[in-house]
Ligand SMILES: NC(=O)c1ccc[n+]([C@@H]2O[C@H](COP(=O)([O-])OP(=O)(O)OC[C@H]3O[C@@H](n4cnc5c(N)ncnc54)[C@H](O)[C@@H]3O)[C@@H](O)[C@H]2O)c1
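In the block that follows, a single chain appears as structure tokens, in the form predicted on its own.
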């Protein structure tokens, strides 16, 4: 091989797990560093490209780029979200690939599974918010939704609130609730799991932490179910009634300027004049940096809304890539062994 070779590390989901990159603490560290660097203008974050194939079901493929200037890494996440998949085909609704390139020569260095990273980012964001916004002595958590992101979210919440003792879950089917418990109970033997037999209210009442992780485009969560002092991590789109937003003592976002242009409940409230910019307490980085206070008492109901930030995905993906390299995991692939006209092209070119 010569100086014109280009090779990159290919990492499957299995490779990443084997390397020890399924690490929520590592993801939260990368996330916090990413938030700080973005605030300090050390990250490039262009607009994403969205292709929606079905307006009703929101089946779509998104292209989300970002560049970590300090690390000299440019990344892009190519992610498909097909909400009908679980019921239509019995498979996950999200799949992703992440490509990382160095920005000295502009060559790719890694092509990796992005599904694990994407789900870890959702969990890491919710958990990082919970760490500063949920009650320190939170013991119970309630889920509406039982898919991959809900499962990942529980891992994140348990990482920052190890005192969680009860997990209640409500989904559209009892089978989904049972699968949630079957998959997670072996990982958390100290937690009592409760299937709510599709009764959403039962998952929420008396829960210290609330998570909605669905593909719903209609309000499922009702304000009257929420107790004082609860922390709510909103993952999806339009999952709660406007009254939930209105009753919040604090509304915190991953990035309000990004959230306000999307279709989450808070965005809808903003567009309908129910809330204004002044009703937003701040972004998560404001709380982490001490610019804005986090939880100030045990009576506050705090609403956290995350739309997802691609530079956080790329930050976590880069940490996972470094972890895999250190572990010697993955497969090296060649994009080219040498340049086009350095090859023997005799008899192989059509013109």
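Small disclaimer: the values here were computed from a predicted structure and weren't measured. Positions refer to the first chain, counted from 1.
There is also a form predicted in complex with the named molecule; it is not shown, and the following applies to it.
*Three residues, 121, 214 and 308; all within 4.5 Å of the named molecule in the predicted complex via heavy atoms?*
All of them do, each having a heavy atom within 4.5 Å of the partner.
*Taking heavy atoms only, is residue 145 within 4.5 angstroms of the named molecule in the predicted complex?*
Taking the distances in the predicted complex, the answer for residue 145 is yes, it comes within 4.5 Å of the named molecule.
*Give a yes/no on whether residue 93 approaches the named molecule to within 4.5 Å in the predicted complex, heavy atoms considered.*
Looking in the predicted complex, residue contacts with the named molecule include residue 93, since a heavy atom lies within 4.5 Å.
*asked:* Considering non-hydrogen atoms and a 4.5 Å limit, does the named molecule approach residue 200 in the predicted complex?
replied: It does: once the named molecule is placed as it appears in the predicted complex, residue 200 has a heavy atom within 4.5 Å of it.
*Is there a heavy atom of residue 209 no more than 4.5 Å from a heavy atom of the named molecule in the predicted complex?*
Contact check for residue 209: no, nothing within 4.5 Å of the named molecule in the predicted complex.
_in the predicted complex, the residue from 138, 220, 159, 179 that sits within 4.5 Å of the named molecule by heavy atoms_ = Spelling it out, the residue with a heavy atom inside the cut-off is 220.
*Out of 252, 245, 73, 171, which one falls within 4.5 Å of the named molecule in the predicted complex, going by heavy atoms?*
Of 252, 245, 73, 171, the residue with a heavy atom within 4.5 Å of the named molecule in the predicted complex is 171.
_Candidate stretches 187-195, 268-276, 233-241, 127-135, one within 4.5 Å of the named molecule in the predicted complex by heavy atom_ = That would be stretch 233-241.
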